[in-house]
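Taking the form predicted alone, here's one chain by itself in structure tokens.
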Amino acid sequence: MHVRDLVLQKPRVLLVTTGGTITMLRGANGSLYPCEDAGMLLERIPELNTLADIDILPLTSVDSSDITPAVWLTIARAIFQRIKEYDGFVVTHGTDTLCYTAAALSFMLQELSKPVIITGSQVPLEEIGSDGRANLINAVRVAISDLAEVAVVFGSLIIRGTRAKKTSVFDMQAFISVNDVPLGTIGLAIKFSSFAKTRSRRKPLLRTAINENVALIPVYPGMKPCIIEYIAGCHDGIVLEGYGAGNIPTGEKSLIPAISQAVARNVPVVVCTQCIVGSTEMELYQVGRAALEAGAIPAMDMTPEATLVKLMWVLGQTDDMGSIDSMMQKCFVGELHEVS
């Protein structure tokens, strides 16, 4: 091959489609439904072909409300099987459960040597004012960049997969980076943060063992302890969204005995915060310290979505309570800031 051919050779990108608003059409009754033809993405956005040689892998076409952990496994395995064939990967996804999928892919595809980018849109691609065109173009731009980790590209932000949070059903900037600065921003140019992982000779790891039998429960005023008791009886792990810094009711309807009983049955209970910004500091108040003493594990500054997915993933690696505790408080893919 001549040097001139090398210069003109475009990077290869695999576009993995799962459905979501970006590929939806509006039916006669006005409601949106998934379009089966993923090829329309390239037809509607011919500019993509100037950036890269793009192949499409349509894995499924569903509203993201119907995404399950089985789909996470399918996406992760499909990417890993083709990791040497492409320079980058883009996954189109509905926005409602995008954060869960981004976190799951982050834990399942570790030590990445190239980008895996997840994107979607607030408005269907075929409708006036759609953000799908810009999001998909920017996703491909990031997929051929030097980034080497799972990230969400939406609006003007590039967000680490374990830090993304959907905060708006209206704004085009629907996602924010929680408790960490974004991996990068998109304006007249793409600017990456200094801590973003870049392409290397790392050997990617596929770690798809998970236990999806985990429940996520918000704590609320008047919550009955029997709810936790019931959930612990039919689940292998529980994530509790506590108040503030991880506070749990300890008064008339104390949840502490139920937490203690769950832990005694080898059902780990992880406490995160309902607040968007901040960390669990459960030793700060007695109501939090009581949960710690009952055996609850602090989620620190992880989002509820990342906490849930991580507990599923950790339980897929071990059922030893001590190991679960230490792994939940260890940073694997940028999901938390460890306390020194």
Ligand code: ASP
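Every value quoted in this text rests on a predicted model; they were computed, and no experiment measured them. Sequential numbering from 1, following the sequence displayed.
The discussion below concerns the form predicted in complex with aspartic acid, not included here.
Only one segment in the set 115-123, 183-191, 260-268, 198-206 has any non-hydrogen atom within 4.5 angstroms of aspartic acid in the model of the complex, and it is 115-123. Contact between Asp96 and aspartic acid in the model of the complex is found at the 4.5 Å heavy atom cutoff. Using a 4.5 angstroms threshold between heavy atoms, Ser279 stays clear of aspartic acid in the model of the complex. Aspartic acid in the model of the complex is not approached by Thr17, whose heavy atoms all lie more than 4.5 angstroms from it. Shown alone here, Asp63 lies within 4.5 Å of aspartic acid in the model of the complex, counting heavy atoms only. Shown here without aspartic acid, the chain has no residue in 302-324 lying with a heavy atom within 4.5 Å of that partner in the model of the complex.
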